[in-house]
Structures are given as structure tokens and as C-alpha cells.
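The chain below stands alone and is given as C-alpha cells, in the form predicted alone.
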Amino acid sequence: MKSFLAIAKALSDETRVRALLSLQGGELCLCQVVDLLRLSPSTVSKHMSVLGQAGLVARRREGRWIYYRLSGATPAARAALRWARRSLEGEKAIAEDARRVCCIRGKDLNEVANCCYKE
């Protein structure tokens, strides 16, 4: 029950779903997710933490960078990822995010971080 509720909570927020699906093309640094969502680093970090607690994303640290990737740590998490992908296939906002992620991936991480952390 606990795992189910954590997944339901994680998928109950549009921003978290956008962040989750932005990882479909592979790992992203926190600063890249911040750039995509146009939210503060602390807000994005909290959203990513909720996704992590649900077993939907995994994180790793490399120097000053924190990277996130899809996890699917449990059968329920894998099923939830498949369901989210299928359900939102063709959704305009998700398609726009995918386009933006392609551009963001092409930027130098230092450039992205400098832009995102100026507040």
C-alpha cells in the first residue's frame, strides 16, 4: 500500500510528471531540469525527491552535479512509468518539453547552472 500511495502522490502533480517524462531520453542534471521547468532549484529538487521516494527516478552525484534518471525500481514503479508514457503520448506540453530537452542537452552544464542559479 505504501508504495502505491507514494507513486500516486508523485504522479498527482503536473510538474512532477513533466520532470519524470523529461528523463525518457536519458539522464539529466538537476540544473537541466530546472532550466526545462523554469522553477527554482530548491523547488525542482523537492519534486525530484518525491519522484525518488516513489521509486520512479534514481539520482547520483558527480562532483557538484546531481543527475537523475528513470528508475522503475519496483514492478509497480515500472508499470506506473509505462502508464504515464502511454497516457500522455501526443500530449502537447510533453512534446514541447521533449523539444526543449533536446536543446538543453546541447548546452554546457556550467552555462546552464550559471543561468539557473542566478536568483
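One rule holds for the numbers: they count along the sequence shown, beginning at 1. Here the structure is a predicted model, which is why all the values come from computation and not from measurement.
Keep in mind that the form predicted in complex with another copy of the chain is not shown, yet the notes after this line are about it.
Interface residue among I94, L70, L36, I66, judged by heavy atoms within 4.5 Å of another copy of the chain in the model of the complex: I94. Proximity of K9 to another copy of the chain in the model of the complex: non-hydrogen atoms within 4.5 Å are present. Looking at V17, you'd find a heavy atom of it within 4.5 angstroms of another copy of the chain in the model of the complex. Looking at L88, you'd find a heavy atom of it within 4.5 angstroms of another copy of the chain in the model of the complex. Using a 4.5 Å cutoff between non-hydrogen atoms, L28 does not count as a contact of another copy of the chain in the model of the complex. Only one segment in the set 28-36, 58-66, 72-80, 45-53 has residues whose heavy atoms sit within 4.5 Å of another copy of the chain in the model of the complex; it is 72-80.
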